[in-house]
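Presented as structure tokens, the chain that follows is alone, the form predicted alone.
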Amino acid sequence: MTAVQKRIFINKLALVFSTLSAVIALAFLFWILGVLVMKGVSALNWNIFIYEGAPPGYAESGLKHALVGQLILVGMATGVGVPLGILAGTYLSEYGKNSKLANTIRDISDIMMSAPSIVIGAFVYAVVVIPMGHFSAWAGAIALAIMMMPIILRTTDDMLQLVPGTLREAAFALGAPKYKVIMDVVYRGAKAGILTGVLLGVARVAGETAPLLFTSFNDNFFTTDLNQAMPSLTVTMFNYATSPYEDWQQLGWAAAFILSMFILGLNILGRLILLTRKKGK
């Protein structure tokens, strides 16, 4: 076998193994989605959206309390994490550049993105829940916001750096102050990428359970009191799916389906926005 034939053989072998690995991964993905869709769709009904949690055996039992609680927690986290993440990313790209402080912040952000969520939950439990003396929606939102910020920060930083420097120079040449250049030129050029980062950040925290166990805990009844334990779809799903009661297990599958479709939809929307941006260039 010549050297050329050997390289061709190795290339084909690598291609076969790569394709096989991709097929196996996709098979598991579709298997999981298939089971989730079959069990989740069969468990869906209008009672889920009308009624709150009830003891096992009650027909009038649903997930309204968990759905509203999840929206409150994710909404509060988004309200905190998105502005802070975008502002921090703007500082790194437009002011910090490649300074030592900016690079240190980038390294810390990368570490935070890979930090286990349960560690963040334990941290917020120590600094928020214990001093307050009780679980609360505030603590849950803080934990989710901490997890969201590094994703948005890094995405904003990367997207702003992709905006050509000539656009900034042209705006400066016209006499525009730096804040106007950032708001009207840089943000406008990177808005699709920033929006994608926000969607991915929301999708990242929307499916978290571990940090909420330490912070907002859970409640099987409807509440909007932010100073008390707040129900969430993720923790409710865990409790219902692992319970010995069949009707609660059905609600757990319905919760898993709703949550998965929401997160999948956000990820697909983010990819579509990036694809549209690339086609528009």
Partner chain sequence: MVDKLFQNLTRISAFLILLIVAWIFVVLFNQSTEAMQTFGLDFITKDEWAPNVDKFGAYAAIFGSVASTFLAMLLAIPVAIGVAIFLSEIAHDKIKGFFGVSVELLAAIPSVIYGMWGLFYFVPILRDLTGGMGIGLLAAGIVLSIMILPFMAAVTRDAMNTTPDILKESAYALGGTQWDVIKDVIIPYAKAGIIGSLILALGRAIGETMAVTFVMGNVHKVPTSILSPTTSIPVTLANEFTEADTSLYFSSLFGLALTLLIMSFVVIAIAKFYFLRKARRA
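Residue numbers count along the first chain shown, from 1. What you are looking at is a predicted structure, and each value in this text was computed from that prediction instead of being measured.
This next part talks about the form predicted together with its partner chain, which is not shown.
Interface residue remark: residue 50 is not counted as part of the site for its partner chain in the model of the complex, having no heavy atom within 4.5 Å. Although the partner is absent here, residue 125 lies within 4.5 Å of its partner chain in the model of the complex, judged by heavy atoms. In the model of the complex, its partner chain sits within 4.5 Å of a heavy atom belonging to residue 149.
Not displayed here, its partner chain is kept clear of residue 273 by more than 4.5 Å at the level of heavy atoms in the model of the complex. Shown here without its partner chain, the chain has 84, 87, 88, 90, 91, 95 in 62 to 100 lying with a heavy atom within 4.5 Å of that partner in the model of the complex.
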